[in-house]
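In the block that follows, a single chain appears as structure tokens, in the form predicted on its own.
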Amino acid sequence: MYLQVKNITKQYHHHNGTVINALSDVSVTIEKGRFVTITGSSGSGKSTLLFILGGLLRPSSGSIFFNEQPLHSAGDNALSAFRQKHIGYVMQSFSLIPYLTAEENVMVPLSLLQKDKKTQMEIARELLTTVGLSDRMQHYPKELSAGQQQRVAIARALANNPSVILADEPTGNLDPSLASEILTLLKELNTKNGITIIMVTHSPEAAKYGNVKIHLKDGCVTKTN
């Protein structure tokens, strides 16, 4: 067992007093080294499940375990330490800092790990080379294509040497050819580096990259294979 949620429910309280169930009694087990895709229509609970798996959201009820350690009862500091040690994030919007170069963007999480400047630069350059951007390290986001910006975001997600990458619609802003490049890169990180990938996607083509497929409808798991 690696990452597991048991009977997770996540509720949001609307200002008019109604209660919205984003997730209802969801149970999923994700083994180490899998490429997991989470699909479903808009509002089905995909991102909510992703953020709970990554310790960014707390469930309203139910439990979540990472390597048999409970996260649902962990304090804020323990959850922050879990994310910093084990989780990398890749989002649809890239979320790069516009006034920093590609190299400097990757160095941001490394500075939080209290590594010295020389080490930060060495790791950032190594990671940018890994994602195929050895010739774009000193470029600013506006000087990069959308696909290149997402590669920088992936390099940044790798900065803490995570065991899990959470990807929320990572190809949502890309055309089909660029999307294929990013998905191939994620697949390589999964197969060659052994990093567990958990990816939310609305794209049937992107979902094919997963070897574990979870489908949600109205906050419930309707299919897992």
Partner chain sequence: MNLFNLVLLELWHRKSRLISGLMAIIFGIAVIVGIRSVATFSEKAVAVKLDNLGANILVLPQGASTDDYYTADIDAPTFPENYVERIVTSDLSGVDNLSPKLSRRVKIGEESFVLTGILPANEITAKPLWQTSGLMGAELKASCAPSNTANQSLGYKDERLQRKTIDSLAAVDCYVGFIAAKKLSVVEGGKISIENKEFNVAKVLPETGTIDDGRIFAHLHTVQKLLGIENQISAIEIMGCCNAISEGLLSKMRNILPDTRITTIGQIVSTQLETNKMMNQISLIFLIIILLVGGISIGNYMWANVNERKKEIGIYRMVGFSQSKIYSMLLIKSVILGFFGGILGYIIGTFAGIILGPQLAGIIVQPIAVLFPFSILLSIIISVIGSLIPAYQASRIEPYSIMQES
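Keep in mind it's a predicted model, so treat the numbers as computed, not measured. Positions refer to the first chain, counted from 1.
Below: the form predicted together with its partner chain, not depicted.
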| Interface membership of residue 179, its partner chain in the predicted complex, 4.5 Å heavy atom rule | no
| query | Should residue 74 be classed as touching its partner chain in the predicted complex when contacts are defined as heavy atoms within 4.5 Å? | reply | no
| message | Contact with its partner chain in the predicted complex for residue 48, defined as at least one heavy atom pair within 4.5 Å: yes or no? | response | yes
| query | With a 4.5 Å heavy atom cut-off, would you call residue 120 a contact of its partner chain in the predicted complex? | reply | yes
| If you check 95, 138, 134, 145 against its partner chain in the predicted complex, which one has a heavy atom within 4.5 Å? | 95
| Interface residues of 93-113 toward its partner chain, as seen in the predicted complex [heavy atoms, 4.5 Å] | 93, 95, 96, 97, 99, 100, 104, 107, 108, 109, 111, 112
